[in-house]
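The chain that follows stands alone, in the form predicted alone, written as structure tokens.
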């Protein structure tokens, strides 16, 4: 009864716009307008890309497309899926993302758990060393020399091993574990004869689903959008990720008319490249859009608890 009354009072006093003061109403209206404008600024480019991918090349090139397809056709997607490079890049990106994310999550959680233990010898020293790498790095040339010395250049592993763990993500996971798994649970498990490894795999991991879901999104999107790393370390086109092929397509949209003798052919090529460009962007977004709904319910909880507490 008391709980229901408190909820009723809360709804009437805190969340009811009709009972709000003039200052609160003004604040809500201003925030609503600001968020609406921000939503339009964020949503319009996405809607434009989707509409352009289903439009004719001439309509896109002449600027007739806004948020709805003009001259609806699937030429861009036909050219996209008939291009073997797209399938090669999609396969490689999917492999890099799945394997890399699993590797990242494993290392991050195995590092975050001992760092969350206050009885870890030298914990502050380890934390200082980890944090030091967030502010200071060797640079691109020493990294290239190191990867070459390890014989990782132009291999699949160069897309996974050098990107093994993010210190920021490890700190988020460490704070989450320290804030949500009490020491009493470890003491009770130890009395029952549970080892640290058993406690980690049977208790810590199942109770850390929220932060793991967030880390999967962070690492997965990072691997899927990775192109600069591949551009530096990969020469074999059979190992190129999708984003590197997408980069080539985007750059090929800048066609010099003087290089094509037939003006009509140059115009057709330019319009076709425009449509293919947007079609490939949509294809590259699909995996992220499919994964996000499954981790959305964990996202806010995992980020806020891991970032605020501790």
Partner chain sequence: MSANNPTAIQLNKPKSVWARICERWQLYALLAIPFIYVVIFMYGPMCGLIIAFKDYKYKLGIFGSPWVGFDQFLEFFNSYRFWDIVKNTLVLSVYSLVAGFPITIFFALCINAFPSAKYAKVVQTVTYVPHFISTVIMVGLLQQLLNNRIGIWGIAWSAISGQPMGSAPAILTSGPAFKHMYVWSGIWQSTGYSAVIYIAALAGVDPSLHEAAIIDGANRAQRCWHVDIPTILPTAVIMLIMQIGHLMSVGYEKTYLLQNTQNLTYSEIISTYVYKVGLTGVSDYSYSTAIGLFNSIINFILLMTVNFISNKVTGSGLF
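As the structure is a prediction and not an experimental result, all values here were calculated from the model. Residue numbers count along the first chain shown, from 1. If you superpose the two forms and keep the largest set of C-alpha atoms that fall within 1.5 Å, you have the rigid core.
One more form of this protein should be noted, the form predicted in complex with the partner chain, which is absent from this view; the next part is about it.
- The chain is drawn here without the partner chain; in the predicted bound form, the stretch among 80 to 88, 172 to 180, 154 to 162, 67 to 75 whose residues come within 4.5 Å of it by any heavy atom is 154 to 162.
- Under a 4.5 angstroms non-hydrogen atom cutoff, the partner chain in the predicted bound form lacks residue 290 among its neighbouring residues.
- Residue 227 belongs to the set of residues with a heavy atom inside 4.5 Å of the partner chain in the predicted bound form.
- Contact annotation for residue 133: at least one heavy atom lies within 4.5 Å of the partner chain in the predicted bound form.
- Mapping the unseen interface onto this chain, residue 56 falls outside it, with no heavy atom inside 4.5 Å of the partner chain in the predicted bound form.
- Using a 4.5 Å cut-off on any heavy atom, the residues of 176 to 204 that reach the partner chain in the predicted bound form are, in sequence order, 191, 195, 196, 197, 200.
- After superposition on the rigid core, the Cα atom of residue 244 is displaced by less than 2 Å between this form and the one not shown.
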